[in-house]
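So this first bit is one chain, no partners, the form predicted alone, shown in structure tokens.
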């Protein structure tokens, strides 16, 4: 990119090749324009220090009502979803809903997930060998979070078929410039998902489960003590159940898919994981850094804020360049190299502060078990053809990842 092209860089209309490899562009922005004007009143941060500061800044809001109304259509189903769910809300709603979710995803709950998750992964790896054309996304990575979240909500297996496509449709509306067809699919997905959940919620109200293990029952009943202030409205309940699936599905599918692809392309690191299975924990952290599943996040300034010497006025929309921050040479030595033993690793893939991902430890567990078992079961795994990359810029992942098992 020439200097004038860098100045005009836009996430809504990125240059050719950006989706396939955004990191050179992010590196140039980080060095020359770390606080980059995307549009009037809209800015992109690319330095690790700035993104970290933005996550922690008390004057930056996660509420998206003003931003999403013109883009998604105020009053639409997709607008209601994205302005009601945990990730795009501020206190007091954020505090109240997060307390419920974190209580449902505590360490005891995560420990209970491990044995069923091991069995799920082993079963998927068994079936992978029976596929005529194994696809590591369709036949493995995408199956894991759908089952995990389906189990958390105790959703009948017969009703889980549409979950992945609903999730993809709903999250695609968060792209910088979603076209009308994408918004139409997103609105339909929210309506269909809510209809399915209403029946599930009605049944759980009639026959509550154990709130220690049944997340939906816990969300219906509210926090311990059930004194009223912790209870969710019907809209909050439905949309945060959808949020659970979307957040868990997108992060984990992309972590496993991106991770497997990166390891197979950087073959020495794959061989290293095969030989040293104890490295799987640091490998997951490095893969989160190297190919961040969530590449971008957003905030709005409630007052003037300053990053890298540039003061942004109150009301500014601020895009947090997670992927750019995670390749910042000021923090990471040899940032463009994959090193599954990298320590320390202060990546920002799960955010920071009050809005740090509530399901990060579930995603880490899924990543460790999936990638560890994959390397142990199929040490000669290799790519079997060109993968099909998802063409979004906010989320980074693959639609198809054909492999040969060796």
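Numbering follows the first chain given and starts at 1. The model shown is predicted, which means the values in this text are computed figures rather than measured ones.
Not on display, but discussed next: the form predicted together with a small molecule.
- Of the candidate stretches 30 to 38, 349 to 357, 46 to 54, 376 to 384, only 349 to 357 contains residues with a heavy atom within 4.5 Å of the small molecule in the predicted bound form.
- Put simply, of 327, 299, 239, 218 only one has a heavy atom within 4.5 Å of the small molecule in the predicted bound form, and it is 299.
- Among 287, 169, 152, 323, the residue placing a heavy atom within 4.5 Å of the small molecule in the predicted bound form is 152.
- Remark: residue 262 does not count among the residues lining the small molecule in the predicted bound form, judged by a heavy atom distance of 4.5 Å or less.
- The small molecule is not shown here, but in the predicted bound form it comes within 4.5 Å of a heavy atom of residue 252.
- The small molecule is not drawn, but in the predicted bound form it has no heavy atom within 4.5 Å of residue 270.
- At a distance threshold of 4.5 angstroms between non-hydrogen atoms, residue 247 is in contact with the small molecule in the predicted bound form.
- Contact with the small molecule in the predicted bound form, defined as a heavy atom within 4.5 Å, is made by all three of 86, 94 and 293.
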